[in-house]
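Listed next as structure tokens: two forms of one protein chain, kept apart as structure 1 and structure 2.
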Structure 1
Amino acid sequence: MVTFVIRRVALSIPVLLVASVLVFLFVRATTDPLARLAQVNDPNAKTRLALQIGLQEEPCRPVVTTGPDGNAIEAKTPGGQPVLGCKKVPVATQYARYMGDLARRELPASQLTGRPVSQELRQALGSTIQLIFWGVLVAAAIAIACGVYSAVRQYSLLDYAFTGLTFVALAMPPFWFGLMAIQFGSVYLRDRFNLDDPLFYSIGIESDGPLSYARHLALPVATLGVQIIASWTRFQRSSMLDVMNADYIRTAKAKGLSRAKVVLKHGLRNGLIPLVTVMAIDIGSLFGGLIITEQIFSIPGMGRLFFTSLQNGDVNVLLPWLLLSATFVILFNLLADVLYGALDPRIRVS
């Protein structure tokens, strides 16, 4: 088992490195770190910023252009200063230096707030982790219950109902579900029953006490849940069906075990293994995948951080944000592999 884990960890390191190169190139290609100086008339302001964030480096020389009469003249800024031109830093060097900064924990601060990027990300992660924790807990409970019931009572009325509901949920655009959740879960209920406060809040997760916390989280958790419950239920149903048709289940029934014991002890134990790995993979992608939910419900998490950073062209946050999201996906993929190996010894051998 130890060698199995070590091998998997070693395999994911090159993936992480290649991913970081691609993310770096992607961010350089799609964003312009100097965009917020677009309105500034002084070319030297851009040069100073470029020097500061490492797009250019010394030596800098006054830029010489050809005048209308063919003579070489020094370019001047509107203020009469000579325009400076500096050496451009190749993207490969930029990447190497950025990774060095990352290793020394000296990433450039957020352009929007001026605070260290690590602080921004840590704070955002706090909210996102709460959302993921409750969302996954609720979704897993519902998905396992519905999936197991559907498999044990195949073709029953409830099985058909669950199948129909998963179909609708899979087609549901999460952002629209979120909007409707606010409209009906928050506003409509309050007006219908003349409440002072909405039963379920639609802004943030700041709260006093557990009850208020639950009322804040209910709608975002539901919106998050719609994205995962349907596919998990489907998955649990089919894996449980496979298990319930296995020989050892027939044996368990034949030796006279109670139905509950057959389903829960012999069936569910094995029928959960595939879902656990799928869940691990899905959770990994949730860290960067809640942009919609957090934006709609104004939750100051990773998704909202991405939204405001992109809106303000804050490259200093976008780049580490993408790297962190990718890292979570890789980590949880690794976790899924290891869990699968731990729960099902046959995997380790092959």
Structure 2
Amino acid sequence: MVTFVIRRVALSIPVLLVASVLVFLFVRATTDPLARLAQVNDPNAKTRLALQIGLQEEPCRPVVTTGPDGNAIEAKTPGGQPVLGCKKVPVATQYARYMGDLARRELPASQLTGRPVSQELRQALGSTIQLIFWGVLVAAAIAIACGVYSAVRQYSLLDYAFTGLTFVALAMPPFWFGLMAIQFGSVYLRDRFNLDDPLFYSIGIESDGPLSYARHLALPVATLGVQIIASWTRFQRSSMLDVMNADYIRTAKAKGLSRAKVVLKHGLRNGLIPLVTVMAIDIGSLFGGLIITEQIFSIPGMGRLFFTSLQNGDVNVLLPWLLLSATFVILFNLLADVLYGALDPRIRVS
């Protein structure tokens, strides 16, 4: 098992490096870090910012232009200062320097707030991790239970009910479900029972205790989990149906093992393998994919940070945000590989 894990980690390192290169090139090609200074009359302001973020480097020399008489003259700012032009830094050098700064945790501050990027990401990541943890915990428990029951009791009334509900859940857009959840859980129930405070809060996830914390999280977790539960339930049901028809399951039944032991010990362990893949990919993508949920419930998480930074052209936040999101996707895919080996020894051997 140790050799299997080491081999998977070794394969993930070059994938992470390639992802970092692609993300860096994508941001540099599609985003102009100097765009927010478009209305500034001082040309040297762009030069100073370019020097600060590593797009240019010294030595800087006055820019020479051609005057009306054809003679060379120095360009001047509206304040009479010479316009400076600096040497452009090649993209490969920019990447190498940026990764070095990232390793030393010496990233530039946010252009929007002036706070350190690491502090911005840490705060946003804390809120997102809380939402993902409880959302995935609830979704996994419900999806596995419903999927296993539907497979074991195939074509029963509850199987049809679960199947119908999954199709309904998959058809509901998250933004619509979130707004409906706020309307019912926060507005309707408060007005219906004349409550001083809403039964479930719809803004943020801060709280003064466990009960308040649960009331803040209930609606965001429901919005996050509704489509995940539906998708995971379908995967778990399909996987369990394949497993329950396997030869070793029939052998286990013939040996006289109880139905619960056959399903939970022999069936569920192998039936979880396909779901592990889907869960790992979904969880990794959730770290950067909760923009709608976090915007609806005003949660200062990773998705909202990305939306705000993109709106304001804050490249100093966008680039490490994308790198961090790509890292999570790769790490959770690595976790899926490791769990494969733990659930099925045949994968470790192959």
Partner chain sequence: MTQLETQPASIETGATAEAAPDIGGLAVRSQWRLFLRRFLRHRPAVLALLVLLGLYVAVLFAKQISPYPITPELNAETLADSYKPPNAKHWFGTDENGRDVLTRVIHAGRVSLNVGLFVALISGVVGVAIGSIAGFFGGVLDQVLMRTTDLFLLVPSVAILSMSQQGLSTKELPVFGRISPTVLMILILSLLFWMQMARVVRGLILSLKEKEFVDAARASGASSFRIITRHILPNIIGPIAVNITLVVGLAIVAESTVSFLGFGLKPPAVSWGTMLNNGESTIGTPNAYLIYFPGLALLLTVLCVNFLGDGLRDAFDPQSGKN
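C-alpha atoms forming the largest set that superposes within 1.5 Å between two forms make up the rigid core. Numbering for residues begins at 1 and runs along the sequence of structure 1. All values derive from a computational prediction rather than experimental measurement.
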*Of the two forms shown alone, the one predicted alone*: 2
*CA of Val263, rigid core aligned, shift of 2 Å or more between structures 1 and 2*: yes
_Using a rigid core superposition, assess whether Tyr155 undergoes a CA shift of 2 Å or more between structures 1 and 2._
no
*Any idea how many degrees the smaller rigid part twists against the larger between structures 1 and 2?*
11
